[in-house]
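A single chain, nothing else alongside it, follows as structure tokens in the form predicted on its own.
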């Protein structure tokens, strides 16, 4: 059976620090009989959505990316007008920019006029997160793909900000999200509920306030550990950096802190699907997840 072809926006970090996210995510979607195809000439989405009403220039980058997706549809490269995004920040930026121009013809006209060498954006694209696509496929179907159930592994979902807020772009209830819990259960693992799963990781404060971010990391991870979590999963490369790499700063102020692996949800899926270990990408995880996974007989 041929694979359904979706346009796929990777974003910048998936090509560098978060290559393990892309590697595992593409492997998992292939296992689900999906083919994700990236545009030939995509650009950075701008990373964050501008909150200034008259700051249209910051919306040029995401709209240009959506023009690329329209071109893929026009040329018959993909079967879907929905573009799949892995990174939470890219998803949030693309989704909000798309909503803005769909709801404001004047803004869209100005952006199209600015990009006079491009085809006009015709508002035909929908932006979805990979997690939403998995939910659409059905977690019962994903469960059928599991060859190595993650039995006895306690997994804490971390949503952060960009998957849930603002409400109009959130993929789940911003106060009580469960979509990651459903995925965790489909993989045979135990989801851990803890109040810090929606707390901001500090985002870009990590550049000049890394001690403050380390404090947030300590609070989030110790809270998850106190509830029995073995690992934390996320879908945001910046959250992954703050929760993973900043543990070295946590250890400086809290020597008793117990280090904890931070994984992309697609890495756990690749394990559960029993895919080639090369797709796991553990070489790019700061805290090595292999010891805890081996202790659970998952590697």
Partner chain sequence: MNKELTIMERIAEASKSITTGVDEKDVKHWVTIHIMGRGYKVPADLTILTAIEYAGYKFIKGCGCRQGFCGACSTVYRSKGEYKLKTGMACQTRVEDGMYLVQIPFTPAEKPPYDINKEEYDVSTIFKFYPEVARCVSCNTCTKACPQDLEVMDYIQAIIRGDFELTANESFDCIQCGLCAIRCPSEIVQYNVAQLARRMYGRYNSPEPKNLIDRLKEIKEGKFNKEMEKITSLSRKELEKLYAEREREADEPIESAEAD
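Numbering follows the first chain given and starts at 1. What you see is a predicted model; the values in this text were computed from it and never measured.
There is another form of this protein, the form predicted in complex with the partner chain, and it is not shown here; the text below is about that form.
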Answer range among 257-265, 235-243, 22-30, 42-50 for contact with the partner chain, defined in the predicted complex as heavy atoms within 4.5 Å
42-50
Even though the partner isn't displayed, in the predicted complex is residue 208 close enough to the partner chain, meaning a heavy atom within 4.5 Å?
no
Is residue 61 close enough to touch the partner chain in the predicted complex, meaning at least one heavy atom pair within 4.5 Å?
yes
Evaluate residue 114 for contact with the partner chain in the predicted complex, applying a 4.5 angstroms cut-off between non-hydrogen atoms, and reply yes or no.
yes
Hey, in the predicted complex, does residue 15 get a heavy atom within 4.5 angstroms of the partner chain?
yes
